[in-house]
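Listed next as structure tokens is one chain, alone, in the form predicted on its own.
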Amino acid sequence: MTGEGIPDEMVDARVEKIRKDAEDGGYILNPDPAFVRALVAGICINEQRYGYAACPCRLASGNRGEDLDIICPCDYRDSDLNDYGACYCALYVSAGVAAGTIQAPCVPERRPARQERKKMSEGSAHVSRKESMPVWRCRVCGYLCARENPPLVCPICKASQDRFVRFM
């Protein structure tokens, strides 16, 4: 049992699910099993507490709608991996960080303050085409994704980031 009464079997099962999902999507989990287990235990605690898997490294509000951006895997994971080699909580890391050839720096918080998030959500219905995210296309399989940068690895065919082209 964890300190919050989460059964070890539940944490172990969740670790395996997250690991499989990461591998299937071309992502790499932190190579420190104890660290991963502690983070996943926090995710399980938040799921029990709030009803959704909020990142344990951020303060959840208890309102799913307000916290959609921090439900694991969070909206900031891919940008953090591209820019720093690890996500904010370091559950997901780049190949270089996992291999120990590069050290990830401290990842700054990307999540806007609550008031800014509220303004952004209120204005989201009126986003112009110019303000929208670029769309990236995998040249190998055609996978499309809208984000600031292409993923490090295509979640479909596992092609590397350099195989993506800007589509729109």
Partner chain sequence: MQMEHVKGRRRGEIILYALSTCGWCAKTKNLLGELGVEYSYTYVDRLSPAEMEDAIREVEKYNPSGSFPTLVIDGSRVIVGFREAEIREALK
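Bear in mind the structure is a predicted one, so any value in this text is a computation, not a measurement. Numbering follows the first chain given and starts at 1.
Note that the form predicted together with the partner chain isn't included here; everything after this is about it.
Can you pick out, from Met120, Leu59, Met133, Ala99, the residue that has a heavy atom within 4.5 Å of the partner chain in the predicted complex?
Partner contact (heavy atom, 4.5 Å) among the options: Leu59.
Looking at Ile70, Leu29, Ile45, Cys138, which is the one with a non-hydrogen atom within 4.5 Å of the partner chain in the predicted complex?
The residue from Ile70, Leu29, Ile45, Cys138 that makes the contact is Ile45.
So in the predicted complex, does Tyr143 come within 4.5 Å of the partner chain, heavy atom to heavy atom?
Contact with the partner chain, no.
According to a 4.5 angstroms non-hydrogen atom cut-off, is Phe35 in contact with the partner chain in the predicted complex?
Yes - in the predicted complex, heavy atoms of Phe35 and the partner chain come within 4.5 Å of each other.
Using the partner position in the predicted complex, report whether Leu39 sits within 4.5 Å of the partner chain, counting heavy atoms only.
Result yes; Leu39 sits at the interface with the partner chain in the predicted complex.
Would you classify Cys89 as touching the partner chain in the predicted complex, given a 4.5 Å non-hydrogen atom cut-off?
Looking in the predicted complex, residue contacts with the partner chain include Cys89, since a heavy atom lies within 4.5 Å.
Contacts with the partner chain in the predicted complex, stretch 151-168 (heavy atom within 4.5 Å)
Residues within 4.5 Å: none in this stretch.
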